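Take a look at this single chain, the form predicted on its own, given in structure tokens.
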């Protein structure tokens, strides 16, 4: 039995990227409620760098980048995904990105987004760019957010390792903080924390609200205009991951927030919504930390990854989603374990780049005592410690070292793409912008990212299959309306972000596609509820 019924024009389930859609609805005079399962705002978006892959948007034009009226980006996206059934969604996404940023930048809380030069992830595709199409929000001082600052979810390093966030809020936390302030300042926005979706309320074939649990009490919340499901994916639901995945995945290694258990997905399925891509995720390699869990790993510059057979199997410097998929696909098809894999490197690499942080800060003893990082004087000893055949490991290193002489990685082409080459100059993505550091690779070799593994001692870190969220979900149309099994929209129900099946299919076109999708489709949902049609029409 439910009590405490309240009525709103719009209900948004989830406080990540959907918070922007909530602002758009509230700014049009619609009384809008955001319910959040936890006591903090932001979801996995707050963990992110807040990149938004929005071709043709104003920040790109201000940076002197002209995408040819979106046509090059449209070609790139369409040909890369290779699925004509998603073209309407892709067109809607591209148009929405331009229009949304134009609208947001009119609000004082969003100021001016800036272009970040992150190359598109598939440079050989027609329409790809070297400069990339990713934009970022400006940082904001916590003091500017006042009493709302403590509501913003902190970063993974802060949550897990106690890092001090400092007075400045950056990345995804800045995006969320700005969206929250803009939403509340409309005077039409209401936020309810610790309020978990239980089910959707359907009357006369239309979704008219949600049943939820708040503070241990069952409540019913009604929406006269529509419900937008923007509650992330099901990455932390071990039962669903096992059901849909081709390899054993329990969700414990995900970099998504622990509350993302697929509540919105299951609520939609219960009322007859169609689904797609449920075996997919935004896969990444995860570097196991001393606490036994991984963090997002990218920016490998030295050493190689080997599987349980001691064999190298991937370009270690390629975009993270491609490495994640390589692990996933090999795990599913070869019969050889690739998760965990072993990142093997030498003393030179250890001294130059450390292990995912500033090498000048050193490496805490717990890395070794926990087993997260292993050390040996010889390769034979290291092979024994990590449990791989020494002959295979030695052969893999010998082959890689041979490539260093010519500069051509004949097997996996490491260091050849614009994305790879970013890491010639950069050690990696530090946990906090204030900790960023740049150490150029000093070498006379023809390819600075193919440097031979030399003298010991030798090290091995553990790489596992991780993700930043699942990407399968509820099927939607170009207006973000959730589709039923009959292919027709379910009245009153919308979805965005990782709650919906990705418009990009199984691929990851460029930095900021997941969060861009969350913002774009929650924006389109708000426009549809407000009766404004699609962006760009």
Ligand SMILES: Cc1cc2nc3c(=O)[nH]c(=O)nc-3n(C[C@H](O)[C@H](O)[C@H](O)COP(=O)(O)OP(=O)(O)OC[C@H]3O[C@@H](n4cnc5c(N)ncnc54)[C@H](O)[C@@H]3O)c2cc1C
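All figures in this text were calculated on a predicted structure; none of them were measured in a lab. Residue numbers count along the first chain shown, from 1.
There is another form of this protein, the form predicted in complex with the named molecule, and it is not shown here; the text below is about that form.
Only one of 128, 257, 314, 94 lies close to the named molecule in the model of the complex, with a heavy atom inside 4.5 Å, and it is 257. A heavy atom within 4.5 Å of the named molecule in the model of the complex is found for exactly one of 349, 421, 186, 195: 195.
Although the partner is absent from this view, residue 37 contacts the named molecule in the model of the complex, with a non-hydrogen atom inside 4.5 angstroms.
Residue 42 belongs to the set of residues with a heavy atom inside 4.5 Å of the named molecule in the model of the complex.
For the chain shown alone, residue 527 is not a contact residue for the named molecule in the model of the complex, no non-hydrogen atom being within 4.5 angstroms. Within 4.5 Å of some heavy atom of the named molecule in the model of the complex lies at least one heavy atom of residue 282. Looking at 142-150, 231-239, 75-83, 217-225, the stretch with residues near the named molecule in the model of the complex, meaning non-hydrogen atoms within 4.5 angstroms, turns out to be 231-239.
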